[in-house]
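Listed next as structure tokens is one chain, alone, in the form predicted alone.
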Amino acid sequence: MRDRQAQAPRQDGDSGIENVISYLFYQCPMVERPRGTRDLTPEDMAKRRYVLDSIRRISDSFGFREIATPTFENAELFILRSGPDIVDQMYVFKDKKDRELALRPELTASVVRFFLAELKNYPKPLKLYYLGNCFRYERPQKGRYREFYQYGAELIGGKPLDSDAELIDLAMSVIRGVGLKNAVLRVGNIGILRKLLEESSDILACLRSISTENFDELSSLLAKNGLSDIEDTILSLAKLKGPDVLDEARNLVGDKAIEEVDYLETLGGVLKNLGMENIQYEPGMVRGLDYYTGMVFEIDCPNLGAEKQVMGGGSYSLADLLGGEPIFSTGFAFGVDRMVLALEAEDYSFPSRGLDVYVIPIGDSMREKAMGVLKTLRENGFSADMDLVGRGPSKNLDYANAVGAKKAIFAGEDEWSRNSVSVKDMESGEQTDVPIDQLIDALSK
């Protein structure tokens, strides 16, 4: 931090505005970024951009199309979707006409609102994906921020089995496509628990207590609804996790929810045909959002430690909650920040995004000509920059190394008199003169 007491504002000869600026600089406290947010360096952004470029390429290859929705929405959209408890986790504010708005805590609700308002007449199934920042007022920790970047996909209007398999295939293709090696796919079916609890008047409360592992509350809710006899079954389902647990799940649920267990097995068969091995089944999986109705799934990257989950999703019913007709939908959301952290934890070698060329004018008389070379390079598709501060050749080479330039071009009077420039390979150190009219071809090779 600057030593703000090192000197006082000058009094003599200052204009009024200079006095104000001087006072602000030396007397006002340093403004810090809000807790739970981050500043991303160029290197951080290069890693994120690599992940986002991979996501777009893979999503496009699956026939999904990118959309965007507003960063803030009417707060009631998220309250309808998740219940009033979500307010404590949202950034809610009122505009100048006293309308209650909220920064989006996630994007699924916004996408469904968009679908109902403008996209419902599009051909089905509708395959959409999106990328954007979201905001939640949570306790910050590594991998969990109050502003975070999310990638999600929604498949609306397809058949359940095919749609669920397609979404999981896309999610795992993204995991593999960005370069993650250590990832675990966990698949469940919340329809199993919904069937067991269908006689309860507190289904959502029961599911929330299972999700948070508040089993004392679950016991009270079941007793209140005269369903204490299924408590052991639910607790046993909650513990079932692994590749070979579906037969045990059938024995636990009996005829009450056997079709939902069978669906999970059928889906697993489809996923194995798509190349997914070591699927971990969790018949008692409950995701923390109320609108999930069937298949649910999550992907973990164990190298991340406690915050190992990088994505979650499943099939849901949300259109009818927002005033539309019921339509089968399935989707997921990835934490882009966690994907980057997971790649770092695996010591992934991110592709370099250094400059193709750095142009170094030798002497002030060559700066204008060097700018012409720079312009030509950029117009021909090269990422290029040049010295803008008047360094000497040695310091310019240090700078070119620091920014990861692959080539350095020296524009000096001697070379220019021969209609050429000197090109240095920054990796090998080899340096050769190249005629100016052959420069683009030489660099392209």
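Residue numbers here begin at 1 and follow the sequence given. Not measured: the values here are computed from a predicted model.
Same protein, other form: the form predicted in complex with histidyl-adenosine monophosphate (HAM), not shown, and the subject of what follows.
Participant: Can you pick the one in 309, 211, 200, 280 that has a heavy atom within 4.5 Å of histidyl-adenosine monophosphate (HAM) in the predicted complex?
Facilitator: None of the others qualify; the residue that does is 309.
Participant: Would you mind picking the one in 369, 120, 144, 194 that has a heavy atom within 4.5 Å of histidyl-adenosine monophosphate (HAM) in the predicted complex?
Facilitator: When histidyl-adenosine monophosphate (HAM) is considered in the predicted complex, the option within 4.5 Å is 144.
Participant: I'd like to check something about residue 250: if you look in the predicted complex, is any of its heavy atoms closer than or equal to 4.5 Å to a heavy atom of histidyl-adenosine monophosphate (HAM)?
Facilitator: Contact check for residue 250: no, nothing within 4.5 Å of histidyl-adenosine monophosphate (HAM) in the predicted complex.
Participant: Do residue 313 and histidyl-adenosine monophosphate (HAM) share at least one heavy atom pair within 4.5 Å in the predicted complex?
Facilitator: Yes, residue 313 sits close enough to histidyl-adenosine monophosphate (HAM) in the predicted complex that at least one of its heavy atoms falls within 4.5 Å.
Participant: Residue 333 near histidyl-adenosine monophosphate (HAM) in the predicted complex, any heavy atom under 4.5 Å?
Facilitator: Although histidyl-adenosine monophosphate (HAM) is absent here, residue 333 would touch it in the predicted complex, with heavy atoms inside 4.5 Å.
Participant: Answer with yes or no whether residue 148 is in contact with histidyl-adenosine monophosphate (HAM) in the predicted complex, where contact means some heavy atom within 4.5 Å.
Facilitator: Heavy-atom contact with histidyl-adenosine monophosphate (HAM) at 4.5 Å: present for residue 148.
Participant: Tell me which stretch of 175-183, 229-237, 102-110, 347-355 has a heavy atom within 4.5 angstroms of histidyl-adenosine monophosphate (HAM) in the predicted complex.
Facilitator: Stretch 102-110 is the one.
Participant: Since the partner isn't included here, can you check whether histidyl-adenosine monophosphate (HAM) sits close to all of 47, 66 and 166 in the predicted complex (heavy atom within 4.5 Å for each)?
Facilitator: Per the other structure, none of 47, 66 and 166 touch histidyl-adenosine monophosphate (HAM).
Participant: Does any residue in 125-140 get within 4.5 Å of histidyl-adenosine monophosphate (HAM) in the predicted complex, counting heavy atoms only, and if so which ones?
Facilitator: If the 4.5 Å heavy-atom criterion is applied to histidyl-adenosine monophosphate (HAM) in the predicted complex, 125-140 yields 130, 136, 138.
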